[in-house]
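Single chain ahead, written as structure tokens, the form predicted on its own.
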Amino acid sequence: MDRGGWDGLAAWRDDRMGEEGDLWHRAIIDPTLLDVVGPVRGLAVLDLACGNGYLTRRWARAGATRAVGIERSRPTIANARRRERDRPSGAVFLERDAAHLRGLSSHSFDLVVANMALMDIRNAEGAIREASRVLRPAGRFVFSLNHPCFDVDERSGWLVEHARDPRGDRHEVVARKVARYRDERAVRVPWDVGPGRVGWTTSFHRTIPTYARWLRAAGLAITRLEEPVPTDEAVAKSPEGRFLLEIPLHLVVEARPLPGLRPDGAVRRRGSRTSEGTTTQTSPR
């Protein structure tokens, strides 16, 4: 992430997210994310780029045997720890770079979650690789992000027109304009933090195949894709809510370790030897 940017926005972000998330998280993104995550009772959960930790604490209270939040921004993790001190849940918060999870053992988590984070992480490939490393063989990596197809920084926007149907009645036609989808790049993102005040962070547009390649290279296979649908609250309160009923701006992905797929993304051939000298019977693909 743009550390200076997120550091400077820590207080504003904490106030905005609170204990339930802001409108877009609470009423658009999180319901689908939480549905894909499912019950966490009895699971060890790692929350990458956890922000103020509201989801980490939620999972701790929902029965996770271990709920760890990782955040690179020092002021942000301080807010998460303060909230945990004020209302203890059992969650633990660590200042770490998502792409370098020092001190976290391999194969130690059942679930790794990155909610609206990968597109803000410069080394997202490394973060995915680390998520795979700390996952247990039957674990899952669940993440959400801006939809790479429809939310392409300032190169995308809404087109709203009015037309008449065959009976002559007027109706609204909603479309999404997207330019230069294949052009991957970093972009500065403005945040309206108050009257006359704008904060800036850095985000990274990447295509869907790029994320898929990074997952495969980390030994992970996509097992579920969802496009969040706005709740009634979002439709009522957000000017864009009704548009999102037609065109999604977010994507939720579930990936799992793929048996026989090495961390470099290559598939072991039948009869090939592993590093331990044993013979694997994985079929060729």
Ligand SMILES: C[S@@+](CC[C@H](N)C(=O)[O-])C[C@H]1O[C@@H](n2cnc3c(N)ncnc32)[C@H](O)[C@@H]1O
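Since the structure is predicted, the reported quantities are computational estimates derived from the model, not experimental observations. Note that residue numbering follows the sequence shown and begins at 1.
Just so it is clear, the following notes concern the form predicted in complex with the ligand, a form of the same protein that is not shown.
Student: Would you mind picking the one in 132, 79, 156, 115 that has a heavy atom within 4.5 Å of the ligand in the predicted bound form?
Tutor: It is 115 that has a heavy atom within 4.5 Å of the partner.
Student: Within 4.5 Å, heavy atoms only, which of 84, 125, 120, 151 is in contact with the ligand in the predicted bound form?
Tutor: That would be 120.
Student: Looking at 134 to 142, 173 to 181, 96 to 104, 158 to 166, which one sits within 4.5 Å of the ligand in the predicted bound form if you count heavy atoms only?
Tutor: The contacting stretch is 96 to 104.
Student: May I ask you to check whether residue 51 falls inside a 4.5 Å heavy atom distance of the ligand in the predicted bound form?
Tutor: Heavy-atom contact with the ligand at 4.5 Å: present for residue 51.
Student: Would you classify residue 72 as touching the ligand in the predicted bound form, given a 4.5 Å non-hydrogen atom cut-off?
Tutor: Result yes; residue 72 sits at the interface with the ligand in the predicted bound form.
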